[in-house]
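Quick setup: one chain, the form predicted on its own, written in structure tokens, and binding and motion questions come after.
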């Protein structure tokens, strides 16, 4: 009911409590209570005895009412689960996935107290400054193909940012989104599977939107940037979420129908790794070489210093030399 009243206010501009009550078959007192709740969560709504209620301004809160308003996706984001604060949207989404929630559901929060990135690293999540959400997907994949999902999510994040800002982010394999060499967003994919079948994948996306990076904990403040810092102005988090979800939904639909090869060139067009000299670090070894390409499954191909080409399945990649 609250959402219906909000839509009516946004559409009509001026409307009386009596008119709203008649439309939704509730009392004027009930209308007033819903308006009071909308004001509590940040909507600016004026009222006067002569003109009734007047919608003034929406808050930049990543709440379902705002994200779903004007969002047209077929799978991802059709259902939004909002939490003002969570330990991690990944954990919340994982629990929802285990209960059988539909594919495409998204858990989003204003703040994470224990947000995480790859290999359990902390993802600093200041309240109401960044975007932190996790999408539940159920693709028909083998576990070995999971790397392809965060790769297409990276394309979606880059395209989403480009739609709402003048910035041109790039992707450092496998899942770092960078601007000017500094990290602005990250992607984490976690799956539940048996030997040869994936039950579900949780794709977590974190973006530094209006984040004050100088206030982030070390070592993040030295390597991070934010959209607002690069733009020099405030960036709407709601518009950004809508843009990323729209792009991710379109890319995921293509991926499900045609596989990763259909999107490989689109990823490479946004790449900031191929052609660079890189250092690849994993638990067992460290190696240097020149990044040559990504293969049809999404793995990085690196020519080692001895001339051998190695297929990188996982690891941390650092850029140590320019393209030539």
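Residue numbers count along the first chain shown, from 1. Remember, it's a predicted structure, so these values are computed and weren't measured experimentally.
Not on display, but discussed next: the form predicted together with a small molecule.
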In the model of the complex, do 123, 183 and 205 all reach within 4.5 Å of the small molecule through at least one heavy atom apiece?
yes
In contact with the small molecule in the model of the complex (heavy atoms, 4.5 Å), from 197-205, 75-83, 228-236, 157-165, is stretch 197-205
Do residue 249 and the small molecule share at least one heavy atom pair within 4.5 Å in the model of the complex?
no
Answer yes if any heavy atom of residue 172 is within 4.5 Å of a heavy atom of the small molecule in the model of the complex; otherwise answer no.
no
Hey, in the model of the complex, does residue 115 get a heavy atom within 4.5 angstroms of the small molecule?
yes
is_contact(residue 188, the small molecule) in the model of the complex, heavy atom dist at most 4.5 Å
yes
In the model of the complex, which of the listed residues (148, 178, 88, 243) lies with a heavy atom within 4.5 Å of the small molecule?
88
